[in-house]
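So here's one chain in two forms, each on its own in C-alpha cells, numbered structure 1 and structure 2.
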Structure 1
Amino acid sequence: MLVEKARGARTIAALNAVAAGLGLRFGMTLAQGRALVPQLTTGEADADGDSRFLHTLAATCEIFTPLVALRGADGLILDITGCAHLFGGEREIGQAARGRLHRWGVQTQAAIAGTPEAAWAFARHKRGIIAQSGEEEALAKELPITALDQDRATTLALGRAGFQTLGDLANRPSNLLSARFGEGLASVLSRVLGREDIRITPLRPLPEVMAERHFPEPLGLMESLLATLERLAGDAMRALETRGIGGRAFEASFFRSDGMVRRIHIQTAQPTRDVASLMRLTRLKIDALADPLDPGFGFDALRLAVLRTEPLAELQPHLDGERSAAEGAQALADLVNRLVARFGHESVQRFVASDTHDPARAGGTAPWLSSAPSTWPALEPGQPPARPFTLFVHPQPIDVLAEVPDSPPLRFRWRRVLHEVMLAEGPERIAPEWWREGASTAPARDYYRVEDAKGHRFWVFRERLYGDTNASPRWFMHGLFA
C-alpha cells in the first residue's frame, strides 16, 4: 500500500486487492487504516515516477497506433481507428495491448467503444466489452452515475436528486442538467452515450507520413532491421513524391518484444526524398549512439515516420555537366547531415544575425539544423563585411598609440605582439540601446576596421573620447575578420 500527504494528513494513495479485501479504501487516512490493520505495510507514493512509467507504457502501446493519449494518472486511451485489421480485429488488438502491458507487471481493465469517454466508462464498469457502432447508448444507460467521472460533490448531488444510472439522466433535457450541474456534465453524458465524439489529443503529434512493418516473430539481426527500414523509407519517399514535398525530420522507432521502444531521430539541412542518403545518416546515427541499439530478444515492429516536411521540386540537370546552385546547396546539405549524424545536433554550428545595431547582440552561432532566424544585412558588391561574423565574448584590452581626438590607431599591442597599422576605416560610433536597462550609464564606442602590415584585419573600438573629464579613453579588441 502506498501513502501520500493530503490536506495535512497521511492518506492511502494506492492499494492492492489484499488490502482492499481487508476493508481499506483509497483516500482513507493512514490512522484509520492502521486501526483496521495494525500490521499495515506502507510505502511512499511517487507521483513523478508514476507519471514517467505511464509515459513509458504509452510509448510501448504506440506499436498498435500512433494516437495514444493519457487519461488521468493511471489510464491510456488508444485511437485504433483503421488499425484493428492489422492485428486480426478489435478483440485481438485489445488482447495484444493488454498482453504487452502485462509484461510490465501491470494489471489492466479495458474496453472498446466508439468514443473515448464511452470506452473509459466501459473499461471501469463493463470491462472487456466491445461496443459495436450504435450500441454505446443502450449499454451506457446501465452504468452508474459514477461512470461520468465527476467530482465528489457533483456525484453526491446527483444521487440525492434520485439519479442512480445514466439511463435516469439520458432522457432529461440537457439544458436542465446544465442549469443544475453545469455545462460539463451534459457534455460528458453525451459523449459517454455515444451521441457526441471528440478526438483525443495524442502525446505525440501524428506524423505527416508513416510506414511500418510488424514481424510474425521477433527480429534481432541488425542488418535485417536496416534492410526493412530501407524498404519502409522507399515507401515513405514515394508518398512524399506524390505530394511534391520532401522530409526534413525523420524518426525510426524500434519496438522491442519486451515492451521497450528505441527511437532514432534524423534531421536534414534541406528537404530530401533520397533513400540512400537517409540510410547513410541512420547508420551513422546508430554507430554514434552512446547507448547501443540492443535488440535483446528481438523487435516486434519497426516504424519510420516523417515528422516535418517542406516543398521540394525536382532538380533539372545541366546538359554541359555543370552543377547548378541548387545542386551545390544540396552537396553542402549532405555534408551537414553527415556531420550532424556523426557528431550531434549541437556540434555543427552556423552563423546567425539579429536585427540590432548592438555588436554584442548582433552576431553569434546556432545549431545548423535549428530554426534560429538570421537577418544578415546585404553586402555591397565587392566590399568586405563591415563587422566580423563572430566577436569575443569579452572585448580584450589593447595598448594603442593614436592621434587625437578621433583618429584611428597608428599601432597597438595585443597579447604582447606589436601591430603596425597600415590601413584603417572609421570611426563608426555605436551608442547603447537606450531602451535597455543600464544603457544610460554605458559610454558610446568608436569602432575602427584596421589592417596591419601582415594583412591581418581587426575590429577595435575606443571607449570614451580623449579629453573626457570623467575618465580616460580605453581601447579594446572586439573581433577578427576572416
Structure 2
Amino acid sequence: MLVEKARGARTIAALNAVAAGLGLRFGMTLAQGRALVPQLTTGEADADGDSRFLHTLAATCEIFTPLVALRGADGLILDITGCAHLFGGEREIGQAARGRLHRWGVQTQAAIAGTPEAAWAFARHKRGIIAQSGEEEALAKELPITALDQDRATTLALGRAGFQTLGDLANRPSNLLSARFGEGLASVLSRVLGREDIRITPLRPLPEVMAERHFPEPLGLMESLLATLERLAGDAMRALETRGIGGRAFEASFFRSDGMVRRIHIQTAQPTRDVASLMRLTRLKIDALADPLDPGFGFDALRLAVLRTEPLAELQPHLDGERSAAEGAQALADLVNRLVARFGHESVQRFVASDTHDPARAGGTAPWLSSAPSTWPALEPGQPPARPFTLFVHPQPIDVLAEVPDSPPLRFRWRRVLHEVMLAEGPERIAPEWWREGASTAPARDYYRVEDAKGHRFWVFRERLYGDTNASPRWFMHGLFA
C-alpha cells in the first residue's frame, strides 16, 4: 500500500487487492488505516516515477499504433483505427496489448469502443468488453454515474438528484444538464454514449511517413535488424518520392520483446531520399551510442518514421561531369550529417550574429542543423579589424600601468608576462544593455586595441573611470587579435 500527503494528512494513494479486502479504501488517512490493520506495510507514493513509468508503457504500446495518449495518472488510450486487422482482430489486439503490459508486472483493465471516452468508461466499469459500433449507447446506459469521471461535487450532485445510471441522464435534454453542470458534462455524456467522437491527442505527433515490420519470432541479430531497417527505409523513401519530398529527421524504433523501446534519431542537413546514406548514418549512430543497443531476448518489431520532411526536387546530373553548386552543397550536407551522426548534434556549429553591441553576445555559435546562416555588417574600407579574433568567455584581470583619466595602458601584465604597449587605439566605450531583462548593473567599459613591442595585439578594457569612485578601476583582457 502506498501513501501520499494530501491536504496536510497522509492518505492512502494506492493499495493492492489484499489491502482492499481488509477494508482499506482509497483516500482514507493513514491513521484510519493503521487503526483497521495495525501491521500495515506502507511505502511513499512517487507521482513522478509513476508518470515516467506510464510514459514507458505508452512507448511499449506504440508497437500497436503510433497514436497513443495518456489518460489521467494511470490510463493509456490507443487509437487502433485501421490497426486491428494487422493483429488478427480487435479481440486479439486487446489481448496482445494487455499481454505486453503484463510483462511489466502491471494489472490492466481494458475495453475497446468507438470513442475514447466510451472505451475509458467501459474499461473501468465493464472490463474486457468490446463494444461493436452502434451498441455503445445501449451498453453505456447501464453504467453508473461515476463512469463519467467527473469531480466529486458533480458526482454527488447527480446522485442527490436521483440519477443512478447514465441511462437516467441520457434521456434528459442536454440543455438542462449544461445549465446546471456546464457544457463539459453534456459533451462527456454524449461521447461516452458514442453519439459524438473526438480524436485523441497522441503523446507524439503522427509521423509523416512510416514503415514498420513485426517479426513472428524475436530477432536478436544486429545484421538482420539492419537489413530489415534497410528494406523499411526503401519503402519509406518510395513513399516520399511519390510525394516529391525528402526527409530531414528520421526515427528508428526498436521494440524489444520485453517491452523496452529504443529509439534512434537521425537528422540530416538537407532533405534526403537516399537509403544508402541513411543506413550509413544509422550505423554511425548505433556505433556511437553511449548505451549500446542491447538485443536482450530479441526485438519484436521495427519501425522507421520520417518525422520531418521538406520538398526535394530531383537533381539533374551534369553531362560534362562538372560539379555543380548543388552537388557541392550536397557534399557539404553529407559531411555535416556524418559528423553529427558520430559526434552529436552540438558538435558541428555555425557562427551566428545577433544585433547587439554587447561584444559577448554580438557573435556566437549555434548547432549547424538547428540554425540559419546570418549576415554580418559591411566593413569600412582601409581600417584595421576593430574586433578580436578570439574572445575570452570570462575576461581575465590584468595589472595595468596607465595615465589618468582615460589613456590606454602603457604596460600591462597578463598571466605573469609583462607587455610593453607600443601602439594603442581607444577608448571605445561600450555600456551594458540596461534595457534588457535581467541585465547586469556592471559599469560601462572602455575598450582599447593595444599592440605590444613584439607585435601581439590585444583587446583590453577598463571598468569605470579613474576618479568615478574611490576604488581604482580594474582592467581586463577580453580578446586576442590575429
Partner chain sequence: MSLSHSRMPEGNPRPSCLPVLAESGLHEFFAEHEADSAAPGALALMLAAGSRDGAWLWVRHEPQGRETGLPYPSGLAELGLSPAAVLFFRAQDVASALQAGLEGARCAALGAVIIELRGEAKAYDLVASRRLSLAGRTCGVPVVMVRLGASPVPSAAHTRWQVRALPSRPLAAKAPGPPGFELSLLRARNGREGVLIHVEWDRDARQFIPRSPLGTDLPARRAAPVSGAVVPVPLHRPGAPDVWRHAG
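Residues are numbered by position in structure 1's sequence, first residue being 1. Computed from a predicted model, the values in this text were never measured in an experiment. What we label the rigid core is the largest C-alpha set whose atoms superpose within 1.5 Å from one form to the other.
- Task: Would you check which of the pair is the form predicted alone?
- Result: Pick structure 1; the other is not the form predicted alone.
- Query: With both forms fit on the core, is the shift of the CA atom of R34 between structures 1 and 2 2 Å or larger?
  - Reply: It does not reach a 2 Å shift.
- Does E420 count as moved between structures 1 and 2, where moved means a C-alpha shift of 2 angstroms or more after fitting the rigid core? Yes.
- For P385, is the CA shift between structures 1 and 2 at least 2 Å following rigid-core superposition? Superposed on the core, P385 moves its C-alpha 2 Å or more between structures 1 and 2.
- Item | C-alpha positional change at A353 between structures 1 and 2 - rigid core reference, Å | So the C-alpha of this residue moves 2.4 Å.
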